[in-house]
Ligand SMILES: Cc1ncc(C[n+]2csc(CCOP(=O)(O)OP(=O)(O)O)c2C)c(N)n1
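Next comes just one chain, in structure tokens: the form predicted alone.
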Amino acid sequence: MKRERYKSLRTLPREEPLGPGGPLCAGCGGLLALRLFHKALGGNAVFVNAAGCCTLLATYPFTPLRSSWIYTAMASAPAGAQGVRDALDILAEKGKLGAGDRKVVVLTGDGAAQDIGLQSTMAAIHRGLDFYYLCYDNEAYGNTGFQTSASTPYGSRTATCPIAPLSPRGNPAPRRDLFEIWRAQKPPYVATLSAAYPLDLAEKVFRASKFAGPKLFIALAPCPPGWDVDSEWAVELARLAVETGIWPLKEAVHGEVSHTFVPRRFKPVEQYLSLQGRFRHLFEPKRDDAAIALIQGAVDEYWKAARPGGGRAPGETP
């Protein structure tokens, strides 16, 4: 699909929805994704935050946010969004709301999106709630000590899947596919994001704004303490996830999937894995070729099934 609004970095909005001094970890990939998402969405928004890392952005009385913010329990953010949407619509009907379309956004980590809040999310999709749903996916329960979630990839070390004689490869299960779970409910728009590709991210937010109803965005969120990497590696890891094919950049408009960026030549997955402490056991003290081959094979199978398909030509800049 041809890009309509964001064709260069100069076209990104200059307004900053997040001020300095936020309390999140240095190098947080989720915070960077939220900042870019909010810039593209505009300031006229109400965020309904499921408990998670980003809850720290609104610790009363301090917050770097310049938008409205409501905090909920992990399971009930979509229900909270329904209440906010209804209230805004009623005020608009009574003429008590100023001009402009106020957007309602659920902000959640993968723990609430994949596990604790999935039930209420499915109900909101079924009702056709007009809302945005941004999941910053750091592939574990990051704010409580990096326990395994349904987003945790195969082979990752977590607090609940430590490297031990009974679990030498960490998490034994593949990650659950939240993109396909949503797509099966037939919402108008579903997409994956990477903060390393800001134009692709912003264009997807713009494209989704044309649709009423549920709209999902899943942003890979490198987590320096959980992934056991230095803070300055967050953007590079987000880029490598796309370049190795582990994190496909794609969207589904009314269920039709297209990839918005396909690398001209895929890098081997070990370039992505070997930089992270959570996968160090696959390389040290003895290299686990079978586990690495299993991860590479899953990526190869995905792209083999995805081609030929719609979307951008290989190597086209997102």
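What you see is a predicted model; the values in this text were computed from it and never measured. In case it trips you up, residue 1 is the first one in the sequence shown, and so on.
One more form of this protein, predicted in complex with the named molecule, exists but is not displayed; see below.
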{"property": "Close approach of I292 to the named molecule in the predicted bound form, 4.5 Å, heavy atom", "result": "no"}
{"property": "Proximity of I116 to the named molecule in the predicted bound form, heavy atoms at 4.5 Å", "result": "yes"}
{"property": "Close approach of A140 to the named molecule in the predicted bound form, 4.5 Å, heavy atom", "result": "yes"}
{"property": "Proximity of A241 to the named molecule in the predicted bound form, heavy atoms at 4.5 Å", "result": "no"}
{"property": "Which of 270-278, 254-262, 38-46, 52-60 sits within 4.5 Å of the named molecule in the predicted bound form, heavy atom basis", "result": "52-60"}
{"property": "The unique member of Q185, S209, T160, T144 whose heavy atoms fall within 4.5 Å of the named molecule in the predicted bound form", "result": "T144"}
{"property": "Contacting member of I218, A124, A112, A195, with respect to the named molecule in the predicted bound form [4.5 Å, heavy atom]", "result": "A112"}
